[in-house]
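Given next, in structure tokens, is a single chain: the form predicted alone.
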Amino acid sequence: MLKLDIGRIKRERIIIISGRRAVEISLLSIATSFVLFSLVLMYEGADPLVAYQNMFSFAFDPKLGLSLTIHRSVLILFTTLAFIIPLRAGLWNVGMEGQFYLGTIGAFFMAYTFASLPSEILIPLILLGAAAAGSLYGAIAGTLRGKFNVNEVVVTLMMNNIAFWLIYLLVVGGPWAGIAESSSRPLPKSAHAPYIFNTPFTSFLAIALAVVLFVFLTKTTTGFKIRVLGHSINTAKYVGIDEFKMSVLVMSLGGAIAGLAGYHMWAGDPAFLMIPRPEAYKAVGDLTYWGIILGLVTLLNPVPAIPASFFMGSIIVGATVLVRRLRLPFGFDFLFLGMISITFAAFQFFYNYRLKVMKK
């Protein structure tokens, strides 16, 4: 009789993960999610290769989904950066949805109030309004955490709901109500996002922000203090880092970046140029939570967040054709996205641990 003795599996803690290992784990998690979804596709009688070919050909076709892919990817990039910088200081910013909503309010307030100004003046004012409104949201959570040790996760989640209803009150029968039911009046033409190479300029702004944040976190004194605080509160206190100031700073910066997404989303897509119905802006707000997953997958590094966001954006846009082209059951695209998010979350284990087989 053949006896197989594989020994005992031991979990070994990883103190510092290398960039190469992080990339390998990310690629493995992506491959795993595609394999699992392939099994579901075959169960429904669809060819996985045909499904993926349809997805990516649509997402990257300049005549079909490419512009939408870029637009949604940049939204995700903004929110990923908004998540990364607070967590570098040890704070979990899960309020990107609410910061996105407040950024929307700040942007539209400026657009409607100063509609007569030329674009060269109005658009910087709009960006300032969006960033300031999102920053205010973040500052509240940062202040409560730094001053009273109130859990920032609870605060930001509660404020997400408040921000959603603030837009609702302004748009649905409120002072910003438009002719179309439950949507705002259109943005003035001078507030529309200018295009560079058939892409809204906010796309380049987000990429530039990612590079600036990388330099800020790795090359500046303040960035060093943020990283020390994220590594150890006791060490930060010992060397004289003000936890309160750092908490307010990182949450404010995260909120400001997520707030900019409010202008990018509605002013950079010709299909909108207004605040849409509540169910529509809520669906977009739900996309901001991808910033949490991608921030963790990229190990809080703003530069890898750029390709990661564009890859995720291509899947989000490309998956929409599965139901229509392959006649799959409704909601199959959401199933795929759900499987990807669960797989990404599960593979976080391997960022912190490795498994070793111990011989008996």
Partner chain sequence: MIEISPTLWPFTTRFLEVSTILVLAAVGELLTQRSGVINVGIEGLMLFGAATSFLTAQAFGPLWGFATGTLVGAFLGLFHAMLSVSLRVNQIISGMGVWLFATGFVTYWADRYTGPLKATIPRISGLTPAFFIALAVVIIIWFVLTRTHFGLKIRSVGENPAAAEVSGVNVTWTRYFCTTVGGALGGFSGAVLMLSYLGAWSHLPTKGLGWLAFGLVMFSLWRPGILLVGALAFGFVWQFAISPESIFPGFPAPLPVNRMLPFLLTIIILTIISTERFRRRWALMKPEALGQPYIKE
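Quantities reported herein were computed from a predicted structural model and do not represent experimental measurements. Think of the rigid core as the biggest set of C-alphas that the two forms share within 1.5 Å after superposition. Residue numbers count along the first chain shown, from 1.
One more form of this protein should be noted, the form predicted in complex with the partner chain, which is absent from this view; the next part is about it.
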Would you please decide whether L136 lies within 4.5 angstroms of the partner chain in the predicted complex, comparing each non-hydrogen atom pair? no
Residue contact check: F60 to the partner chain in the predicted complex, 4.5 Å heavy atom: no
Quick check on V211: any heavy atom within 4.5 Å of the partner chain in the predicted complex? no
Considering only heavy atoms, tell me if F109 and the partner chain come within 4.5 Å of each other in the predicted complex. no
Kindly indicate whether Y43, I342 and Q348 are, all three, within 4.5 angstroms of the partner chain in the predicted complex, using heavy atoms. yes
Identify which of L273, I207, M159, V248 has a heavy atom within 4.5 Å of the partner chain in the predicted complex; exactly one of them does. M159
With the partner chain left out of view, which of F114, F201, F244, W92 would have a heavy atom within 4.5 Å of it in the predicted complex? W92
Select, from the options 60-68, 323-331, 308-316, 25-33, the stretch whose residues sit within 4.5 angstroms of the partner chain in the predicted complex by heavy atom distance. 323-331
Going through 142-163, which residues have a heavy atom within 4.5 Å of the partner chain in the predicted complex? Please give them in sequence order. L144, F148, N149, V150, N151, V153, V154, V155, L157, M158, M159, N161, I162
Core aligned, does the CA of I316 move at least 2 Å between the shown form and the other one? no
